[in-house]
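Considered here are two forms of the same protein chain, supplied as structure tokens in two stand-alone entries, structure 1 and structure 2.
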Structure 1
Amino acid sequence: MSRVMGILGDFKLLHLINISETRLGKLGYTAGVPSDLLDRYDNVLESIASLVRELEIKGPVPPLEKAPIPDRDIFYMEETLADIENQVSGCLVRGREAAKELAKTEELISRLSMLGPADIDFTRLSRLCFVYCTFGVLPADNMPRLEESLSDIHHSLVTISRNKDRFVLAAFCLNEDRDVLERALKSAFFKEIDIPSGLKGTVSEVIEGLKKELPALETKAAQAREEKEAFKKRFQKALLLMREKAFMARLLLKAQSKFGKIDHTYLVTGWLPIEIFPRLKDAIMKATRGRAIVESVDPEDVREVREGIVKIPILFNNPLLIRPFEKLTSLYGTPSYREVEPTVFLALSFVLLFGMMFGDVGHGLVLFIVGLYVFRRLYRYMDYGIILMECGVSSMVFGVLYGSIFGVEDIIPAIWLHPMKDINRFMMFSVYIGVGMISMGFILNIINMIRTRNFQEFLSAGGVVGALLYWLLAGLGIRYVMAGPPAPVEIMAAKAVSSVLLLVMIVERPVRVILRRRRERGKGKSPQAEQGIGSMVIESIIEALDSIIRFLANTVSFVRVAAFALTHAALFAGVFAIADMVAQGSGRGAGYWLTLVGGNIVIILLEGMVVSIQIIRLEYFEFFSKFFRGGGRPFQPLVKQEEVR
């Protein structure tokens, strides 16, 4: 089993099914986690973390070429770690002691320097028999209160140095009044300067002696640092690699809680991409010398899947340019196994809409350059770099269509239109885009109904009938815009067809309920108490009217595509107006160009963010809502790369 776990760690793409969720698990046949071995790995990880911290090891984590075999590799790790600790521990102890001694000496010099103006003789102070003395810092405002508190005892407050808000004092009193003095100093927020006992000579002599010790202490600390640096270079890769192996081994051990076990036989059940199954089977059979059974089962043949106890997990598998948009899909939900995976449609429409709303060659080029830098330099944010590059290319394409370069529209001719000069045309095109996306949503919803065998919703507002009604209304609208009012015959035909479609949408649910109740009576079953047919019809009428209103609202919502494109152009006009105002007094000097550069930066940052938010809103509320039900379970590999690292 340990060798098989190592193979599972190598393949990574295995989503384990928790045996406790199945009937076998409910009977108690679970493997459990070997707690002793897990504790040993915890100790190894704790020791590695301590060494990494002490040696100040940083840098890239080396990739694991092969997953560990937990119950075998622990011995190698413990032995190797003990050897490294034996070699390094002396150096670390010397380094800590040297650094501590150096810091202590420097701190003492700093404290004694505060007493420098008085040049106090510590030898004389050590001979005092009847007088108590202490040094410290007192807030200047508290001096009168301190004097008043000490008025009943013999005392002396000697000012050593002073600035505008504090005194450095030496406070003296008789030994018998020491408690009174300390209470008074504490109430006045006196902060004592800790002076070690046994100092001989004046302050300046002590400081000079300590400064002579500094070079030797610094040399000692430097030698310890050099020795530590040598150990760091020597063991850095080994410790980081060992930490990765220990992390993965620990994950593999914890995964055993999802295994089944009967006597000496383990049962590992999970999901994996079907194309890697033959390789996994060969590796397991080879590792176990044939003493294993490895089977692939069609999901439809799994009873727990049919009964809904276990859900088939979803593993996204999109090309590199589409993959970054999977995060936006996951924010809305995870598609179920039979649903259409919408990331491709999201990516294409997102890039298209962004280009339309943010069309400018210059701004698109800036986004592309920033995205390219993120893609090449910031590995963790590579997905965002790809999105920025794609949106930048789309912006440049539409910038050419609009004839706009950093807001200047007279450098290149507009191949298509100028947003500010062709407002009506642009708005109508935005509505056409909306009709296309909503229609695609209907088509995908019909496909989902077929794939999930949800035929009972086929005649509903979200199915074929609703789609036909929407296309009829949208076709009439487009016909009116492009060719004028429809002919009377066309209007009569549209009324007749729409009436039939509305009637089907209204009666389909009550008819389904009536037919189901008749089937139940035919089988001798008494139908459950449900909503009346009359109230159901009224409810269906309201839902049908609501659907028509939503169709229109969803379509009109896409006018915001044109609105934000116009806003983009209007912001350019505002920036140029401000730059011209700045240039009136000094001509087109530095102020003019700085205003243009600053204005373009603001437009890119502010409107780029706003446009992205608006596109996501259109995708989620106007497009995804037509077909995306979600409720699926994301694929969770046995070992995630981010968990290991």
Structure 2
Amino acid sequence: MSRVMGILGDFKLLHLINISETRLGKLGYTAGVPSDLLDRYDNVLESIASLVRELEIKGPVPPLEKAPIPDRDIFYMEETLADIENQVSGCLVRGREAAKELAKTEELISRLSMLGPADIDFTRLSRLCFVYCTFGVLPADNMPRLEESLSDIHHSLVTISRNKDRFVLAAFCLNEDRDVLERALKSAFFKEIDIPSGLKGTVSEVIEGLKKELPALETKAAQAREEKEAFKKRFQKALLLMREKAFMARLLLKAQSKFGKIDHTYLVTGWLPIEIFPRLKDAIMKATRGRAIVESVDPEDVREVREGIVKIPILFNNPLLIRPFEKLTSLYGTPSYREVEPTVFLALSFVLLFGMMFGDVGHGLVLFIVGLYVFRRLYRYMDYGIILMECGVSSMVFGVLYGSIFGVEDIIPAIWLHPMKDINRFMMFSVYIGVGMISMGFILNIINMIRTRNFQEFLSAGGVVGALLYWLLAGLGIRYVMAGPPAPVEIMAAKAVSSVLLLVMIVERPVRVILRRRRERGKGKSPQAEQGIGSMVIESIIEALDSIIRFLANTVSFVRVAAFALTHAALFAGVFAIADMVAQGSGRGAGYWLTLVGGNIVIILLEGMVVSIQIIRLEYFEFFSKFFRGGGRPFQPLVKQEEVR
């Protein structure tokens, strides 16, 4: 079993099914977690953590080449760790003691330095037989009360030094009045300076003596540090690797709670991409010397899947440049198993729309450079770096098409158009893009209907009939814009076809219901109490009209692509106008250029953010809403790299 777990760890791409959620699990045939072994791994991890901390090991974590075999590797880890601890512990103890001794001496020197101005002779003080003496710090405001409170006993408060809010004092009294002095000092918030007994000579002599000891102590501490450094270099990789292995082993052990077990036989069930199944099977058969049964089952044959108890998890499998957009798809939902995975469409349309709305060579270049920096330096945000780079390239391409570099439109010629000068054409193009995206939405919805065998919606507003009606209306619109008003024959034909399509949309649901009721009656079932046919027809009419309005609104919504491109150009005009005003006042000096730079930064940040939000809105509401149902379950591999760490 342990070897099999190692193989599963190596393959990584396995989404375990929790056996306790299945019938077998409900009967109690679950494997459970081997708590003894888990405790041993916990101890190992604790020891490694302590060593890593003490040796001050930092740095990149080496990648694991092979997953551990938990119940075999623990022996190796414990033995190796004990060996390292044996070698290192002496050095660590010596280092700790040296550091402690050094700190203690330095602290004593600093305490004694407070008494420095009086240069007290400790030898003479130690000879005092009838007088008690103590040193400490007193809040300055408490001095008058302290003096008065000691007025009934023989005492002396000698000020050694003072600053604005505290005194360093030496307090003397007769031995018989020691209690009174101590009570008074305590209540006056006197903080005693702890002086070790047995000191000989004056304060300066003692400090001198202690300072002479310092180099030896420092050398000792330095030696211990060097020794520690050598151990650090020697064991760094081994300890970090062992920590990774122990984490991974722990994860694999914990995963056993999802396994099934009958006597000495384990049952491991899970989802994995079909193409890696043969390799996994071979590896397991080899490791167990044929004493395993590895079977693949079509999801359709699994009763739990059919009954909806178990959902097939979805593994996003997109190329590197598309992968970052998976996050945007996931924000909307996880596609179900048979649905089209829409990330690739989202990625392409996102980049295209961003370029159109934010087209400028300079700004695109800035975005690309920022993205490249994020991609190379900030590993955690690599995905955002890729998105920024792609959007940057798209902006640059459209910048060339618009002939715009940092808003200046006379450096390079516009290959296609200037958005501000050709507004109508640009708006029409935006609408064409909208027609294209909505049409793609219809096509994907029809594909989803076929894949999920949901044929009953085929003739609805979201199905083939709705799509045909939309294309008919869109075609008429495009025909009108490009070649003028349609001929009467064309209008007649369009009216006839659209009437038929509308009629189908209206009657398809009532007809379906009537047919179903008939079928049920034929089988002897009494039909369920539900809506009457009349109200159903009225509802269908309203739905059909609503769909037509929605088609129109969805398409017009894409005009915003042009609107934001115009806003982008208008903001440039604003920035140049402000810079010119500055230049009129103080010439084309630093103020002018600062305004231009500041303005461009504001445009990149503000406009960049607004454009992104608008594109996401278009993607979600106008595109995804046509075909994407979601409700799927994300694929969770047995071992995620971040979980291991």
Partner chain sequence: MLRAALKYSYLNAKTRTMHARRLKPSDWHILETTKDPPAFLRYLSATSYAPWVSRLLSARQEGNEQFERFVFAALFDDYRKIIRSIPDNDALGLVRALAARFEAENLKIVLRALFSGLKKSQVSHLLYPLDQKLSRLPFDSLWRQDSLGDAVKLLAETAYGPMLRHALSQVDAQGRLFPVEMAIDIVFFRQINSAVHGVRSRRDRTSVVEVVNSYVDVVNICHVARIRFVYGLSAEEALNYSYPGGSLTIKGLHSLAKAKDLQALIKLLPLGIRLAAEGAEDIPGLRMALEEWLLRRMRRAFLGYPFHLGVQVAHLLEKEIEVRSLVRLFQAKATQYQRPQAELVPGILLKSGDSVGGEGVVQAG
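In this text, all values refer to a predicted model and were calculated from it rather than measured experimentally. Please note that residue numbering is based on structure 1, beginning with 1 at the start of its sequence. The term rigid core refers to the maximal set of C-alpha atoms that superpose within 1.5 Å between the two forms.
Of the two forms shown alone, the one predicted on its own: That would be structure 1.
Core-aligned C-alpha movement of R380 between structures 1 and 2 reaching 2 Å: No: R380 shifts by under 2 Å between structures 1 and 2.
Cα displacement of Y29 between structures 1 and 2 reaching 2 Å, rigid core superposed: It does, since the Y29 C-alpha is displaced 2 Å or more between structures 1 and 2 after the core fit.
C-alpha of S47 moved at least 2 Å between structures 1 and 2 on rigid core: Yes, the C-alpha moves 2 Å or more.
Angstrom shift of the Cα atom of L214 between structures 1 and 2 (superposition on rigid core): Taking the core as reference, the C-alpha of L214 is shifted 10.9 Å.
Core superposition result - C-alpha of P70, shift between structures 1 and 2, Å: With the cores aligned, its C-alpha sits 4.3 Å away.
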